[in-house]
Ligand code: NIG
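To begin, one chain is listed below as structure tokens, in the form predicted on its own.
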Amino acid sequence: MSKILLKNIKGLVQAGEQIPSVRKGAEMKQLDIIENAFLALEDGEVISYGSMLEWEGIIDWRDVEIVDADGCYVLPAFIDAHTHTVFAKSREEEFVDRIHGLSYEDIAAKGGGILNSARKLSELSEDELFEAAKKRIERIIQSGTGALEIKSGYGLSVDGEIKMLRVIKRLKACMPIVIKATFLGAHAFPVDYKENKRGYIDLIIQEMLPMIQKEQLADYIDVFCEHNYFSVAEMEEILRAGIACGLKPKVHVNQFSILGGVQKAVELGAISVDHLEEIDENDIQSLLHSDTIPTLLPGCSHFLSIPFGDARRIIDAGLPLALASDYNPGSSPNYHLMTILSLACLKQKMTPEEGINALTINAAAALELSESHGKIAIGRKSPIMLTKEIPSLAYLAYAFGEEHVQRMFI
């Protein structure tokens, strides 16, 4: 039996039995913090917490590891609700192309982007993909992330997509954090189907989805709804087929243009709508009448030099908001959620409190983990983050070049 006592905590963040499962609008500025606190864990489970003025005599603490957290904060680990962590190779050559003036669309038109990753992925075995992703996830955990979504979408063939999803299933089984799998076969049209889009959609629906259902390879289904990718009607057809196979929608929409994908995703019960670099009043109103979590990806906006999602408009409308990394080799080669927090504050005018809510309880909602992650409460075993000694909680976003995590408790 493992017993750990963290004492003299400068601030115990997001700890409480009555913290809501989602924070919306003005509520996102609220952050529950117990100052000069303690936290007691037994076999990873929270068994007690509170003020240091109250801790003595509460528990028998023989054979206990004592961690002095003087000057440090303790938070629920961040949750990354949108990633592409399984991939073959980095794409820094496209980074240089953008420096030379090529756009994301220009690079895609000459065979780069998603199709580039698909070619590289086809050259690696399942074992090679698994080992590379496992190493990435180990680094991701050490940076403060305690739950993760991973998408397929670089296979773009029956064999490639199934290979990716089998890798994610193996990662789920061996990694110490919760991982959710998303099927993103509708990420782009492969070269062989460039003039036969109907054929590729049929391949997704008639061949990929039955295999995914049979092997229980995914939790969610995603579609990249955008000009030159998948239309709203195509997205709806694919999502409905996924729903029939037991998958829930989590979709890419409004990255470059507004096509009506948000409204259709909400209509189909999407758990989240992600990207939203572009948004209008129809989208806002649709989201206000739903449980769908809008999710912004500032790392992608930063790396591609495209507009940042309008966080202030979304929050001020009374909506919840989640943040995620969009970690991938082409448009957001960053898994570090502390950097995402800083970008959200600097570029999207979110307060540090709003950013932390967006990376904890709201991100948990975007992965249907509200009952286990995103806050510190009695009986929970979700991962917990201990920061290094810092002057304030805002310092996490302010000092964007520093490593703030001292230790993860998983």
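Here the structure is a predicted model, which is why all the values come from computation and not from measurement. A residue's number is simply how far along the shown sequence it sits, counting from 1.
As for the form predicted in complex with the named molecule, it is not shown, yet the points below apply to it.
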{"query": "Stretch from 131-139, 202-210, 247-255, 156-164 whose residues place a heavy atom within 4.5 Å of the named molecule in the predicted bound form", "finding": "247-255"}
{"query": "Residue contact check: residue 104 to the named molecule in the predicted bound form, 4.5 Å heavy atom", "finding": "yes"}
{"query": "The named molecule contact in the predicted bound form: residue 85, any heavy atom under 4.5 Å", "finding": "no"}
{"query": "4.5 Å heavy atom contact, residue 180 and the named molecule in the predicted bound form", "finding": "no"}
{"query": "Close approach of residue 144 to the named molecule in the predicted bound form, 4.5 Å, heavy atom", "finding": "no"}
{"query": "Residues of stretch 21-53 in contact with the named molecule in the predicted bound form (4.5 Å, non-hydrogen atom)", "finding": "none"}
